[in-house]
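Only one chain is shown below, in structure tokens, and it's the form predicted alone.
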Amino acid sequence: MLIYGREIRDRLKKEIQQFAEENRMSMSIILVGDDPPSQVYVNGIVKFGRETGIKVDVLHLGADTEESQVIRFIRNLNEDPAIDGIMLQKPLPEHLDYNRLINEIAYHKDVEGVHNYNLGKLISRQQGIQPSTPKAIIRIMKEHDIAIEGKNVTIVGRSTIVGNPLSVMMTTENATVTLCHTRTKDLKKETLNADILVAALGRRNYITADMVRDDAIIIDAGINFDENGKMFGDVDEEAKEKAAIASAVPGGVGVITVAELFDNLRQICMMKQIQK
């Protein structure tokens, strides 16, 4: 059975729109280079902002922009009181250090929840801004009454924006978590042991039918495009047909992720109000 995220997204979108009607919010996105999937994702964020009455500005820089220039732009946004949230879109050109740049963003404007300060709060189980894709994964599971506590969860992909923070969040939900990646020696053994398998490595159809159990739950957080612009997940369709429950791509985790990004922006604005 395929599960979808559109109804969840629409419900969250309505809540955000209602908040935005009484509270001015704004977000700036730094996009470096011309990666087509990144442009598609950013366009979706701009559209969501337009539909909810939230100002979203995109600072589109050339692929040859020097790191010092990107840092200058980030610091200017940090100091601008009219900007509530800042996002740095991945992937970046190879000469730019993502970890250094993301930590140049003021932690209280880090709308993606990937600044070291916010990740530290996540690890220590304190309330704070959490990465949007892991939030979307947890939400789609809970909204579809998928139990997490006590389950063996295998996550394939160890990025700082999905796999690593998700492993912490799943542990907080009392799951037993195995975090895998492309260098895991026997990946198939680990995926076959999973009650819940989360694919988040960005490789089209990497998880095949022989790697999943018949009764498994699959959450596909992958977004990949072919030469014609068609979207695919990280999990092959035959594997999803074999599973008890699987999230759709497109229409699953991805559609909730953008809403979670704006939910983070809402949290940032609420925290600013408390601090006043």
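Everything quoted here is computed from the prediction, not taken from an experiment. Residue positions are given as counts along the sequence shown, with the first one as 1.
The following text describes the form predicted together with a small molecule, which does not appear among the structures shown.
Asks: Among the candidate residues 114, 141, 86, 156, which is the single one with a non-hydrogen atom no more than 4.5 Å from the small molecule in the predicted complex?
Replies: Result of the distance check: 156.
Asks: Using a 4.5 Å cut on heavy atoms, which of 72, 100, 189, 203 is close to the small molecule in the predicted complex?
Replies: That would be 203.
Asks: Answer yes if any heavy atom of residue 182 is within 4.5 Å of a heavy atom of the small molecule in the predicted complex; otherwise answer no.
Replies: Looking in the predicted complex, residue contacts with the small molecule include residue 182, since a heavy atom lies within 4.5 Å.
Asks: Quick one: is residue 221 in contact with the small molecule in the predicted complex, heavy atoms, 4.5 Å cut-off?
Replies: Heavy-atom contact with the small molecule at 4.5 Å: present for residue 221.
Asks: Can you tell me whether residue 264 touches the small molecule? I mean in the predicted complex, with a 4.5 angstroms heavy atom cut-off.
Replies: The answer is no: residue 264 has no heavy atom within 4.5 Å of the small molecule.
Asks: I'd like to check something about residue 161: if you look in the predicted complex, is any of its heavy atoms closer than or equal to 4.5 Å to a heavy atom of the small molecule?
Replies: Output for residue 161 is yes: heavy atoms within 4.5 Å of the small molecule.
Asks: Has each of 135, 217 and 247 got a heavy atom lying within 4.5 angstroms of the small molecule in the predicted complex?
Replies: Not a single residue of the candidate spot has a heavy atom within 4.5 Å of the small molecule in the predicted complex.
Asks: Quick one: which of 190-198, 74-82, 174-182, 117-125 gets within 4.5 Å of the small molecule in the predicted complex, going by heavy atoms?
Replies: Result for this chain: 174-182.
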